[in-house]
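Just one chain is shown here, as structure tokens, and it is the form predicted on its own.
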Amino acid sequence: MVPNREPVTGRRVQFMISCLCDAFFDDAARAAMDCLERAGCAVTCPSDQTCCGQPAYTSGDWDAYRQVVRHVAHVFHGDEPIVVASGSCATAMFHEAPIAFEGQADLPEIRRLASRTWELTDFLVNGLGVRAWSGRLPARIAVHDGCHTRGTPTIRAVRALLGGIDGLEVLAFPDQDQCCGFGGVFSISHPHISAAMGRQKVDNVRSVSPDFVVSADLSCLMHQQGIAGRQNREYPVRYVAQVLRDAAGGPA
């Protein structure tokens, strides 16, 4: 699910916040920008950005999805890489957008947009060549891989960066590859199935007693934390960039 990427030749990037950061996890966006700046990037964040359009895509409303993606292409114009604070949103841009635009006159423009789009950790490791992340953070963590990042470089990139942090122990837990049940609009259209899957994921993660749960997908963390909260159970979560920032000593 990885497009033919344009080589990264500079350190100027455009940052897509994602709806979840905008509405619920503002510190995750700040942490992502901090990581980019630590890696030597000059970061711009277009103020008129909105959504990647994924909810419309997964709902089957491709006309609405194409309208949103056209806005994204307009807002994030230029040649700089587009770095996204969400594995799910990044995949919607670089994998799903070209599919939805097949037969459309502006397909070449959308393919160019896709080739410029990166998930954060993928960009750090495979775009900038950051092979390890220096820092220290004594903690035992569980790492959740969102379904949308499967088949992408993100899963390995997350572990490569976390693996360079002194004191950080990544725990194995039962059925690690199992979906947590969020699935975007799936959690709305099939709430009972989604909740059951979420409860099983939370049980599996909590069985190893991590200090917190880490993912490159905030949507999955939000879902799991919500499931645990309704059961009055502790379930601390961290977006991967928050771990990287804190290990490096806090904001740059």
Partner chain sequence: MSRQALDAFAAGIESEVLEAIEIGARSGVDKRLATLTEDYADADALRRLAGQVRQHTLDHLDEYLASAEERLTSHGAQVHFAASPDRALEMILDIVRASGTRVITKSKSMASEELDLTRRLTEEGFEPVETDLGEFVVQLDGDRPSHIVKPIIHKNRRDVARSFERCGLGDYDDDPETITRRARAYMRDKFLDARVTMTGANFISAESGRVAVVTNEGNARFGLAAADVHIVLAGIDKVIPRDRDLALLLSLLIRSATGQRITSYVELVAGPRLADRPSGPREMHVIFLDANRSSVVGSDMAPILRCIRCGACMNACPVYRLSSGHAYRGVYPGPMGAVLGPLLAGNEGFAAVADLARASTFCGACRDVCPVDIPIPDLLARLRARSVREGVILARAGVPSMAGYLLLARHPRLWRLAMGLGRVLDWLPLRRLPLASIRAWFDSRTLPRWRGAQFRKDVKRGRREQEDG
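Residue numbers count along the first chain shown, from 1. Values in this document were obtained by computation on a predicted structure and should not be read as measured data.
Below, we turn to the form predicted together with its partner chain, even though it does not appear here.
At a distance threshold of 4.5 angstroms between non-hydrogen atoms, residue 236 is out of contact with its partner chain in the model of the complex.
Residue contact with its partner chain in the model of the complex: residue 210 places no heavy atom within 4.5 Å of it. Residue contact with its partner chain in the model of the complex: residue 79 places no heavy atom within 4.5 Å of it. Although the partner is absent here, residue 99 sits close enough that one of its heavy atoms falls within 4.5 Å of its partner chain in the model of the complex. Shown without its partner, this chain lists 29, 202, 36, 214 as candidates; in the model of the complex, only 29 has a non-hydrogen atom within 4.5 angstroms of its partner chain.
For the candidate set 123, 133, 94, 182, a heavy atom within 4.5 Å of its partner chain in the model of the complex is found for exactly one residue, namely 182. Relative to its partner chain in the model of the complex, residues 57, 150 and 178 are all within 4.5 Å by at least one heavy atom.
Taking its partner chain as it sits in the model of the complex, the stretch 210-240 comes within 4.5 angstroms of it through a non-hydrogen atom at 222, 223, 225, 226, 227, 229, 230.
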